[in-house]
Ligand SMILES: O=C1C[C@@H](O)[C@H](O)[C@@H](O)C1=O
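Before any questions on how it binds or moves, here is one chain, the form predicted on its own, in structure tokens.
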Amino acid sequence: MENKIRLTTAQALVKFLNQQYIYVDGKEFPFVEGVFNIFGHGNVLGIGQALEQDPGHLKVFQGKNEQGMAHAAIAYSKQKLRQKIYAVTTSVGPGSANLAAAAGTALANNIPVLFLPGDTFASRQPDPVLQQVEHEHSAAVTTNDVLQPVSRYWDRVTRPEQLMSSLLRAFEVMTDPAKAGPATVCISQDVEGEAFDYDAKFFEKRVHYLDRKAPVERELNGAAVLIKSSKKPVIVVGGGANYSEAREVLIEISEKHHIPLVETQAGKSTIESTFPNNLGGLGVTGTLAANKAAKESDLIIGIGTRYTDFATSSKTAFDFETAKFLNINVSRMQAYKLDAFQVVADAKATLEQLVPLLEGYLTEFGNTISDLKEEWSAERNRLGNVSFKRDQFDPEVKDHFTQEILNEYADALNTEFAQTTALLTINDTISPNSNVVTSAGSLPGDMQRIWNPTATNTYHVEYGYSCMGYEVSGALGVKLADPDKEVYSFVGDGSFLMMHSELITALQYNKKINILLFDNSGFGCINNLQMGHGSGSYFTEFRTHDNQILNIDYAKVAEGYGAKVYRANTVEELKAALEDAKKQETSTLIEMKVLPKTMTEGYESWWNVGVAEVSESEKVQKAYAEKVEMREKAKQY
């Protein structure tokens, strides 16, 4: 048939993926790098057959857990500044259900990724097939419907010709900076193998243009007036600033007009920590310097930020009585937050056009910025030299976690190592060009406060969803995106237990990652949360049936997989392990036994959490009263 190509639906999918290109700032390159897979019932005979027959340029990796490999794909896209993706294919039923947490992670962080879960039979003739759920009210509902609320775009393909419109829509969404996120295309398993005469034009090279949306004159003039009329503006550097690659112009504006920069988790390392006006992380997990500057500011300039509760300290980080807000964001929804003046445009393009309009302007911060930075530097140095002493620990400072219990941990884990001391030792020892990855627990807070990145785009923290289990998988994705650099996964024992499956994938394909495992035998961050709000330590420590602290040999676990392992419970041991790990060609794991309650705490910040309004405990009653007091100070919208 003229100008027609007869292919199965799955073969058409693979052929189409090979022809998608992206154009960014004068450079054109393939958008889809490859495919992560776990083949099973529902995709092995369709997409599996198509990839085996002709993968084209697509790199194909076998995952070990659907959520894990999806997190690797998400991390890859994030590290590539959302300009390249991996697709992820799974079997039906539990295989596709395992994508839910990863899809939520991608959605919360606005990261494009293509999910291709298998689905049940479109014909319904063999129903109920293996791994199919059934509902009395509808035969159309499948496991994949659970992915609808956590996908930016979702579709089900039940006929071969539907693939064309579905994929075009999916790629439109994934390549739009304003609404980038996960696109889920569920393909019925019988349809994957069905043939259709596709129009040859569908497989021609297609270029998706990431044009920078420019601000209109009204937006520019309004932004310039707000800035020039402010005395102490602060710039909040969000993830959008990083994805827009706005580093140079941010530095120019900050230097010329003496405007301090504060960072969200996603925005950190857009600009190096060594930049004099960079005061570090903002909010609940922020630095004392950044939080002081934000509270003093009369204009908050949000660059590509979602203003999450951690960044805004549950809307108490700013003086809402005096401060105004200016938001620059490609997303209209995000630009509207906190009743701000909205500039719906690309961050870099907007800031570049603002430069001439701000000529002659200077803030009134004077020496305040350098004073705040110096004050925080001294506190950071203190945190890096914390040491455990049995007779000097003050239990009142650490949420009533008694000296006796801390001594018990020191004995059970055979350690006196503080988490903050370990972190700063690592910061001082590894190469400044290394990429660091973390996600959940106390480590993101410690990292945002005290980790000093001196190279750009080297701080990779997933905190939009704070998904436990991302850390190891994410390190693999970052390694695939940036193969010439060392990558370090910072993971607590709780997250490691939840998921470390893609360590096997890293070893299998010789993609070296370094896992830094902080073992305090429990969910330490949540233990802090419960005890800091009046509750006792209840099911957040890892204890045996007879109340003994678990001491798991995680190094031995990783060694069994084939990783090079180390055990380091002192500064000297940790330095030696890090130096030797640099020489290895295979993946490594450094197990550190660290004491509970040796992480950082908040600095002039507050997090609104669900404290019990009624309780028999005086401590809980007091915590609720404190919440009510702080809630009254918070912005109500």
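For clarity, every value in this text was computed on a predicted model and none was experimentally measured. Don't overthink the numbering: it's just position in the shown sequence, from 1.
Keep in mind the form predicted in complex with the named molecule is missing from the figure; the text below concerns it.
Looking at 142-150, 244-252, 212-220, 461-469, the stretch with residues near the named molecule in the predicted bound form, meaning non-hydrogen atoms within 4.5 angstroms, turns out to be 461-469. Of the candidates A440, A335, M174, V565, A440 is the one whose heavy atoms come within 4.5 Å of the named molecule in the predicted bound form; the others do not. For the options C525, A558, L279, L299, the residue carrying a heavy atom within 4.5 angstroms of the named molecule in the predicted bound form is C525. Among heavy atoms of W607, some come within 4.5 Å of the named molecule in the predicted bound form. Residues are counted as partner-facing when one of their heavy atoms sits within 4.5 Å of the named molecule in the predicted bound form; in 165-181 not one qualifies.
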